[in-house]
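Form predicted alone, single chain, as structure tokens, below.
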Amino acid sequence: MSTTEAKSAAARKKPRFELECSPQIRGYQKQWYADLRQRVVEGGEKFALTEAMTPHEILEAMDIPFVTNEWWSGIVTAHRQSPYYFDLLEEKGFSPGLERYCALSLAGALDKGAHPEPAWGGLPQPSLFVQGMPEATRVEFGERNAIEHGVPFISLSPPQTGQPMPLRWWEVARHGWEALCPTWQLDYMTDKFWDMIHQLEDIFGAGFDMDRLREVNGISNQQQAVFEEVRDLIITAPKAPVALSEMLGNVMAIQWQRGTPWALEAAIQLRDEIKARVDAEKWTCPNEKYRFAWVGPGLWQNTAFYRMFEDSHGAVFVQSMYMSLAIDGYPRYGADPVRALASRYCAFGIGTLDWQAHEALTHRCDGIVTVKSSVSGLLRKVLADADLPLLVLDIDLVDARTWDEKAVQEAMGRFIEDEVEPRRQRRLAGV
């Protein structure tokens, strides 16, 4: 282990699970991957490598195994191997400024199995790479990833309209999605999804059944409804009943399995345990004083950060995009599930900054914390208009080489004392 890796490892804490379902959910996900990997490596089964913003329900309905690229990055990072792979990428000539969050599967392909102990045995050879984000750099990155893996590439990037989403879009998106996006954009993405379905049939020899997709999408919608009950519990409870560091892994493991009976059952178990904690007044931080939201993807290189300031400042993190987006952005109802799913990805990422402020205020947050890659001038303005202090940490989400625990602690401490506490005092004084 390098000096950087050793420092990163020292900065981590063993997860403190407060819910009995947490190790069960994570254990299921680990066993699921081990079974998939065995079928691929030993049995020659094909699987798809996909980005998060892709219609996993379609693959689930067609019984096509898939691994989510962002999830894989989180696994590699949690195993403290990101410095090895990012060093490799730079040795191969990739810029240190490369978008890192989805780069670890590419690094694994370039490594060609040289790492002596890759996370969870390593990522086997996929048969397809499906990319969904609209940014041009992400499309180019997806194409390079597919080339290095030697597999076909499908881009599902929606065309941008240049128009913001209607205010409070989250109140109508589930059923009124036809009104959220231009018809031409929905038509385009629906055609793209049908093209993908035909390619999946050719590559995997799988059949497509519309009724089966309706069933999968129905289960997915039910799961998000259960998540909404969890969010309501967290919002209305006097104090946080569960730590964000614990919720991140649970929500993502369930979300990547959405549309399956297991995911729905796991979401129900999660809800029931959190409700029991609220009823029993069991709080993750009894001395809670400040509540924070985390904007953007999770800090997977060190999720212990989210509990680091409980004892010293009574500070808890209660909101992230993972559950909020699952609840407000994912559910889609309609007779045509292909078009309904297409509408989901037309709507993602467009004019959602007012929603982020809304979520933070609804969760009674005193401030927002994020990293440089997740901040923009528009975000700063929206949060300033909502009187929500913002802290931007100079670290990367998955690159452990950027972690400096002393600097992070000092920055968070100053933020609470210099910006959050004065706001709190103004609010208490009614100013």
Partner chain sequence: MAGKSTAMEEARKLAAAGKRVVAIIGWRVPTEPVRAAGLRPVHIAPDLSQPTPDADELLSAEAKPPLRALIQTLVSGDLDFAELIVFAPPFAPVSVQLEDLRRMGLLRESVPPTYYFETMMLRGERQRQFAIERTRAFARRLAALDGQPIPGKALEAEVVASNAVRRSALALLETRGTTSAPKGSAVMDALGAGDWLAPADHVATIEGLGAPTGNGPRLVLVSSSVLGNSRVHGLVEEAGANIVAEDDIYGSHFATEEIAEGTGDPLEAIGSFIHDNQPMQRTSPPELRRAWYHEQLRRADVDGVVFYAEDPIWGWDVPAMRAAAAAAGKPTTTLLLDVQLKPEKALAQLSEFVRSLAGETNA
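Positions refer to the first chain, counted from 1. Take the two forms, superpose them, and find the largest set of C-alpha atoms that agree within 1.5 Å; that set is the rigid core. Quick caveat: nothing in here was measured; it's all calculated off a predicted structure.
One more form of this protein should be noted, the form predicted in complex with the partner chain, which is absent from this view; the next part is about it.
Contact between N221 and the partner chain in the predicted complex is not found at the 4.5 Å heavy atom cutoff. In the predicted complex, the partner chain lies farther than 4.5 Å from every heavy atom of A114.
The partner chain in the predicted complex comes within 4.5 Å of a heavy atom belonging to S95.
Taking non-hydrogen atoms only, F208 never approaches the partner chain to within 4.5 angstroms in the predicted complex. Looking at the partner chain in the predicted complex, residues T161, L167 and S376 each place a heavy atom within 4.5 Å of it. Considering the partner chain in the predicted complex, the lone stretch of 103 to 111, 273 to 281, 302 to 310, 170 to 178 in range is 103 to 111 [heavy atom distance within 4.5 Å]. Only one of W256, Y84, F141, F348 comes within 4.5 Å of the partner chain in the predicted complex through a heavy atom, and that residue is F141.
Among the residues A225, I147, L361, I235, the one placing a heavy atom within 4.5 Å of the partner chain in the predicted complex is I147. Taking a 4.5 Å heavy atom cutoff to the partner chain in the predicted complex, the contacting residues in 188 to 208 are Y188, D191, K192, D195. In a rigid-core overlay of the protein, D385 has its C-alpha displaced by at least 2 Å between this form and the one not shown. Put the two forms on the same core and the Cα of V398 is off by 2 Å or more between this form and the one not shown. Positional change of K372 between this form and the one not shown reaches 2 Å or more at the C-alpha, relative to the superposed core.
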